[in-house]
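Only one chain is shown below, in structure tokens, and it's the form predicted alone.
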């Protein structure tokens, strides 16, 4: 029987820590990239670390995740840095990754099997863009009706959202900056939304114009910013808040541009 030396045992332990650390860092980065809050990331990672039999010290930054993994005796450690994967809010991926953390804990999966399931989640395609386009248009039109808009205004908002969101999808697919995309999308939606004023086809044209760009409001970044603030993750909180403010400004620029083109008065 071959006796394993202390050096070989240390190397084996280090390799195990290395694999677990890489998985945890990439997992946390994927959650951060799809729009999860910092507190959710911490809870999921803690659940996984307990199953893997390691301690994790993790630093969440706006554009990086830094993870340090220790063995149970705090004798060996390994650190890894990972960038957020994706970069766009994706609720389905967020939910799938959270379910994975519970599956790891309940089924006692090792990091190799967990990594295989993790890759399957990353390779899973996003929701059909035409379905998203249709549902977003209906939802935004429903807001118009909810706020008291007549059915002509609802129709205007439906069409405005349809074209505005389509512009957003096409520009993002072409890797155009999200800020420029927001300005262009708001501009297109506001021009169509102003048709109630231009043609007098609605009794509530102000609601048609106001709700035509609601689909661009960065509500999730604002909510996540507040959650991170209360959880003590001030850097991520401020980063998300500033990002949301910038997108709101871009939305306003596009809306103002559409109103100017349609020769509408601001007051």
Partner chain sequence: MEILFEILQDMLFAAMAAIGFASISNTPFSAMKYCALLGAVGHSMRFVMMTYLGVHIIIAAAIAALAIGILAIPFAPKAKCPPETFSYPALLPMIPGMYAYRAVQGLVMCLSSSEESVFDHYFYLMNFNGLTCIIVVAGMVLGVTLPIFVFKHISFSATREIIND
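The model shown is predicted, which means the values in this text are computed figures rather than measured ones. Positions refer to the first chain, counted from 1.
Quick note: we don't show the form predicted in complex with its partner chain, though the next part is all about it.
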query	finding
Site test, 132, 136 and 215 vs its partner chain in the model of the complex, non-hydrogen atom cutoff 4.5 Å	yes
Contact label in the model of the complex: residue 75 to its partner chain, heavy atom within 4.5 Å	no
Contact label in the model of the complex: residue 47 to its partner chain, heavy atom within 4.5 Å	yes
Residue contact check: residue 106 to its partner chain in the model of the complex, 4.5 Å heavy atom	yes
is_contact(residue 51, its partner chain) in the model of the complex, heavy atom dist at most 4.5 Å	no
In the model of the complex: members of 96 to 134 within 4.5 Å of its partner chain, any heavy atom	98, 99, 102, 106, 126, 127, 131, 132
